[in-house]
Ligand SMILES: Cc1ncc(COP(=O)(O)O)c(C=O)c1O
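Only one chain is shown below, in structure tokens, and it's the form predicted on its own.
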Amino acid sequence: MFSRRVPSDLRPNALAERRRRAPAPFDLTVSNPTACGIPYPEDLLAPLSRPSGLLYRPDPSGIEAARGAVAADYRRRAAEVDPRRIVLTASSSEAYSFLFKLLCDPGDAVLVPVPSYPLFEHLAALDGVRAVPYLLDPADGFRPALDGPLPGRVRAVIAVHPNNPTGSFLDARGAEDLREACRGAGAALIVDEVFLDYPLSRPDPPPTLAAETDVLTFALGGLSKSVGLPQLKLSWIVASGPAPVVEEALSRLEFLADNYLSVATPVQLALPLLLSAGAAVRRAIRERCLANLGVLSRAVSAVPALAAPPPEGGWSALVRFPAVVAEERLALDLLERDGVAVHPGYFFDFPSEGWLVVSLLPDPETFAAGASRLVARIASHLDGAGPGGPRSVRPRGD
């Protein structure tokens, strides 16, 4: 009776079931900035109450003033974007759905990075598209490792810049490798830049890929991350590349969007002021992430066997530990014995065991307590690991 686009087994995994029964007091997986004590301007949402929002203004690509605001926002990233090449959507997930519909027939494929956010496989399946993984090499700073020509029927390559959860930016070499692969296969490049405003290893973000000229490219962004407002449901697609194919893509995207008209008028009208006021929110989120990253680095450095590879950007961090205990067992131990919630690496398709993923968003007190318990729990497993002796892996004193 039911489509194969929806998984046949929707039962929660062991970690989700455990968290459903008893929420973790030290949740290091939270990704909702509005639930983390981030300071927001009290009047940030005031523009939503404009009387002009009472007039329904259906525009498939988005109200002209809203698209102009997005284009203006790209100028602070030193990128010139034509507002006519912008399409507004209700979310990044909807943007992916539009692009899969635009580029793929049922059974076609999109190349997705691994490790990365596991949503891609579900989004592709919901549109009858296959998600084919390509490796981000841990030994090479999580840069793309494309091996030869793209497989048959690949219509797009997805990159996340910076990647979630590895925090790795797409550097010039990696970007050119992806462009070359797209050129060879006649495929489009989809670049998810929702975390681009949050550099952690440098003062300013690297260049956006929203103004490409060589390959048909779609850059994604949205209020969920750039202003920390996921509840407002507004994202965007910026199309770039050779002019004739971009114009054809935009006409088809307009047809797709016209069948949904999903973006609310009030948030479009408020967008110029939201993007302007969002600078304060971005600054607060970045400061929180940098502070928590420092706490994590200090905690992990107390155990020589552990490592926390410095993320270049985003809201997440990694903890690398010797695979003396399975990731899922460790994550369950942390939940049941320490009240700490983390993501095991296999959630994100890491190529080997021994990875944990934590969010850098929690309030500082929660994060510090959770990080301390996390390191102590791993150290307790290392103490019983056998050769080398327990004292070689005990936390060092301050």
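One rule holds for the numbers: they count along the sequence shown, beginning at 1. Remember, it's a predicted structure, so these values are computed and weren't measured experimentally.
If you look for the form predicted in complex with the ligand, you will not find it shown, but the lines that follow are about it.
Contact between Lys225 and the ligand in the model of the complex is found at the 4.5 Å heavy atom cutoff.
Remark: Ser92 counts among the residues lining the ligand in the model of the complex, judged by a heavy atom distance of 4.5 Å or less.
A residue is said to contact a partner when one of its heavy atoms sits within 4.5 Å of a partner heavy atom; Val160 meets this definition for the ligand in the model of the complex.
At a distance threshold of 4.5 angstroms between non-hydrogen atoms, Ser97 is out of contact with the ligand in the model of the complex. Only one segment in the set 237 to 245, 106 to 114, 320 to 328, 217 to 225 has residues whose heavy atoms sit within 4.5 Å of the ligand in the model of the complex; it is 217 to 225. Only one of Leu296, Val194, Ala211, Ala71 lies close to the ligand in the model of the complex, with a heavy atom inside 4.5 Å, and it is Val194.
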